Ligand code: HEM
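One chain is shown next in structure tokens, namely the form predicted on its own.
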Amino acid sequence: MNSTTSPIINALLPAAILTTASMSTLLLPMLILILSLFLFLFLAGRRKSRKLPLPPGSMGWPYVGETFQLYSNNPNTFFALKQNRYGPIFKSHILGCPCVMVSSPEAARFVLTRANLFKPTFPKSKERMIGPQAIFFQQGEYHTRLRRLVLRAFLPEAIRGSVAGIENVALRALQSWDGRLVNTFQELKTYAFNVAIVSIFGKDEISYLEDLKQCYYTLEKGYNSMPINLPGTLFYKAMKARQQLAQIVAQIVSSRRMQRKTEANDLLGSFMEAKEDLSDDQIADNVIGVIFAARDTTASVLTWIVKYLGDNPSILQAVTEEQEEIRKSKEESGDEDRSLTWIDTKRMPLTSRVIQETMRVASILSFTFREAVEDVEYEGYLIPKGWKVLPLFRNIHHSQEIFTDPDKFDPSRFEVAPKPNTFMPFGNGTHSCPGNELAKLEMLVLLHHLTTKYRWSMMGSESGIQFGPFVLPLNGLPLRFSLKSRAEEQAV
């Protein structure tokens, strides 16, 4: 056997060795070339990142940065000075974080719509307080799923049937103000809270309203406190209230499951659908998060609307006439049910423009926070990984290049739609506010009854603006509200 095969093997072996050697000779240079190319690209990228300058600006004192300059005075002054000195993109250091601030529509859109480059970011203490699994703190598939569930409950086709429930809340609120001197902002916070509860839980869980309210108010008091979790501190009390809130939500969820009421008729039902497979903790985090998002912002906008209408009698008169036309048309129809309908809310173009202009002028949220998830190049500057990025909505909304006479309250400017990315009261991109249609609806319903049935007057001559988490009229806008006489109603 060996003597027969050895000549064949001996004949083929040199060829095999030659072929292997030839392949090795060819593959080795190719492998070296590929590795060299990868190394070159990597080093080039590193060199490019190192060569890119940071945006111009100043970082202030060690650790505290420029936090005091931002929050001790009007933040508009801080942002305007920075923009005038450094341009539409500049660096700073606030709340212990290095950050880049952007004040052009294009830059804001870039930051808000590139979810792969910038993620929402909040202080860890606030994530704990709201709930780490709430929609605000998420990215990717889980965020997409949560957003779909919230939109399913808050899109126009879903909230059409909510008008009557919101109207009942509005009427009760206004009746409680009659003849009283009230802190307008605080009263409107209560209104927005009650609308949020009805929208989340429906009217069947109204028995839980007071418990939810008390826990939430305790939580709210500690929201902006120092995160010191020791007995007696506001933060400690807030975290205890947070646990109680989660327990109340769990009780409601359990009750619905026992009654087999898991259809998506409200936001809680949307979260509870079996196919969505959300845990009780996930449901609680998102319910509490929606209450946070729905309350103070809407109440702030409504407070400013009341303020601007009072300061501009001709605009108030025009809005009242628009709303009276709707009221009179319902009386003349002969229909016993004179409640507002979804169609009625679409017959309020001037009132809608008043809401838009208020959101522009007041700019309740002066900015929002994002965080760069990797080194990002923009307009020749480096935004380093981990830095906070702040799109400055107020600067954009008050830009003379975008809005003529930007500090003037003029709803007529919205007779023509603003240019893209120049008006962003609800943000932009995948993390824009999914509840904006509900917010506009509850404003329209309240303003209908406020302007047609009530008058209000400011007490005292003191006026001004206070700056906290939200920009507000001084002292929450103390006003005295009273019912109009029948003669006054008919005179419009």
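Model, not experiment: these values are computed from the prediction. So that there is no doubt, residue numbering starts at 1 and follows the sequence shown.
Not pictured, yet referred to below: the form predicted together with the ligand.
J.: Based on heavy atom distances of at most 4.5 Å to the ligand in the predicted bound form, which listed stretch, 367-375, 94-102, 81-89, 165-173, is the contact stretch?
T.: Of the options given, it is 367-375.
J.: Is every one of 316, 320 and 411 in contact with the ligand in the predicted bound form, taking contact as a heavy atom within 4.5 Å?
T.: No: none of 316, 320 and 411 comes within 4.5 Å of the ligand in the predicted bound form.
J.: Tell me, which of 430, 58, 463, 466 has a heavy atom within 4.5 angstroms of the ligand in the predicted bound form?
T.: If I apply the 4.5 Å criterion carefully, the residue I get is 430.
J.: Just one of 306, 188, 290, 219 has a heavy atom within 4.5 angstroms of the ligand in the predicted bound form, so which one?
T.: After the contact test, the surviving option is 290.
J.: Although the ligand is absent from this view, report whether residue 154 comes within 4.5 Å of it in the predicted bound form, heavy atoms only.
T.: So residue 154 counts as contacting the ligand.
J.: If you check in the predicted bound form, is residue 301 within 4.5 Å of the ligand, heavy atoms only?
T.: Looking in the predicted bound form, residue contacts with the ligand include residue 301, since a heavy atom lies within 4.5 Å.
J.: Should residue 133 be counted as a contact of the ligand in the predicted bound form, where contact means heavy atoms within 4.5 Å?
T.: Because no heavy atom of residue 133 falls inside 4.5 Å of the ligand in the predicted bound form, the answer is no.
J.: Although the partner isn't part of this model, could you tell me whether residue 237 comes within 4.5 Å of the ligand in the predicted bound form, counting any heavy atom of the residue?
T.: No, residue 237 is distant from the partner.
J.: Where, within 402-425, is there a heavy atom within 4.5 Å of the ligand in the predicted bound form? Residue list please.
T.: Residue within 4.5 Å: 425 only.
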